[in-house]
Ligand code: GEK
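Given as structure tokens, the chain that follows is alone and in the form predicted on its own.
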Amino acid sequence: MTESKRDRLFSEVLADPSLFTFNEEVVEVFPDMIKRSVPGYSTIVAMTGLLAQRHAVPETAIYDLGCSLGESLRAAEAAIPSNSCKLVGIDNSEAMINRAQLQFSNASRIDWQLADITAVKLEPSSVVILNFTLQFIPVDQRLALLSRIREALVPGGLLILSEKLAMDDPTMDHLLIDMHHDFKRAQGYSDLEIAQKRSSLETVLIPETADDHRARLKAAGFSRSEVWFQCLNFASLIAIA
């Protein structure tokens, strides 16, 4: 496994910060970036494996949509030792998929696919993982994606949906954003890095409230959903088909 580099992408003043993309530069530092940027990330990944273990059904697929380097799917793979489920990681970033294949293909039974998750056909599934992916999908395309996931899930199948949240109360929203910046400072990010990263993401990553997510999951046909984990303005929901 290639060792992750320290995330210093926004440490120098950028004359024209571009929109955030999952390119080669981001892939180089991604493990360090996400662990220092998303409070509770390691807990979410570990529990994704345990949730997948609980809901995995033999002869079905387990998908990680927007898999990046596949850490969540590899947690599921470790928790489900048999070959009874097909494990599929899909991402539209060629840099991410190439790195995942390079690092893990020889010691993994995961099928890595370069594809658009809003268009790819899903096989019958018992678990679908959307960890910090939906927030990068245009809002008007989110219901269609969740509906396709719901159609692919077998009865009792599980969707794991992790997202950065907006709060209903503007005062609380601002407080949690400020606390998140405090968290990032504690991880070694400078004010310049925080400001430039936020500028790069603000029109790419569109957060919604937990109520927005629950309402959309219901509209997509899920029978029930709930937030099982939250740290600051980052949360993970589970939804049952």
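Predicted model, so just to flag it, every value in this text is computed and none were measured. A residue's number is simply how far along the shown sequence it sits, counting from 1.
Not pictured, yet referred to below: the form predicted in complex with this ligand.
Participant: Which residue, A115, L102, L143, A78, has a heavy atom that falls within 4.5 Å of this ligand in the predicted complex?
Facilitator: Checking each option against this ligand in the predicted complex, the one that comes within 4.5 Å is A115.
Participant: Just one of L87, L165, L153, M96 has a heavy atom within 4.5 angstroms of this ligand in the predicted complex, so which one?
Facilitator: Here the answer is residue option M96.
Participant: With the partner left out of view, is A52 within 4.5 angstroms of this ligand in the predicted complex by any non-hydrogen atom?
Facilitator: A52: no contact with this ligand in the predicted complex.
Participant: S108 near this ligand in the predicted complex, any heavy atom under 4.5 Å?
Facilitator: Flag for S108 set to no.
Participant: Tell me, yes or no, whether I34 is in contact with this ligand in the predicted complex, where a contact means a heavy atom of each within 4.5 Å.
Facilitator: Residue-level check for I34: yes, a contact with this ligand.
Participant: Residue-level contact is defined here as any heavy atom of the residue lying within 4.5 Å of this ligand in the predicted complex; does L122 satisfy this criterion?
Facilitator: Output for L122 is no: heavy atoms all beyond 4.5 Å of this ligand.
Participant: Of these, 187-195, 206-214, 58-66, 168-176, which stretch puts a heavy atom within 4.5 angstroms of this ligand in the predicted complex?
Facilitator: Going by heavy atoms within 4.5 Å, the stretch is 58-66.
Participant: Taking this ligand as it sits in the predicted complex, which residues of 35-51 have a non-hydrogen atom within 4.5 Å of it? Please list them.
Facilitator: Sequence-ordered list has one entry, Y41.
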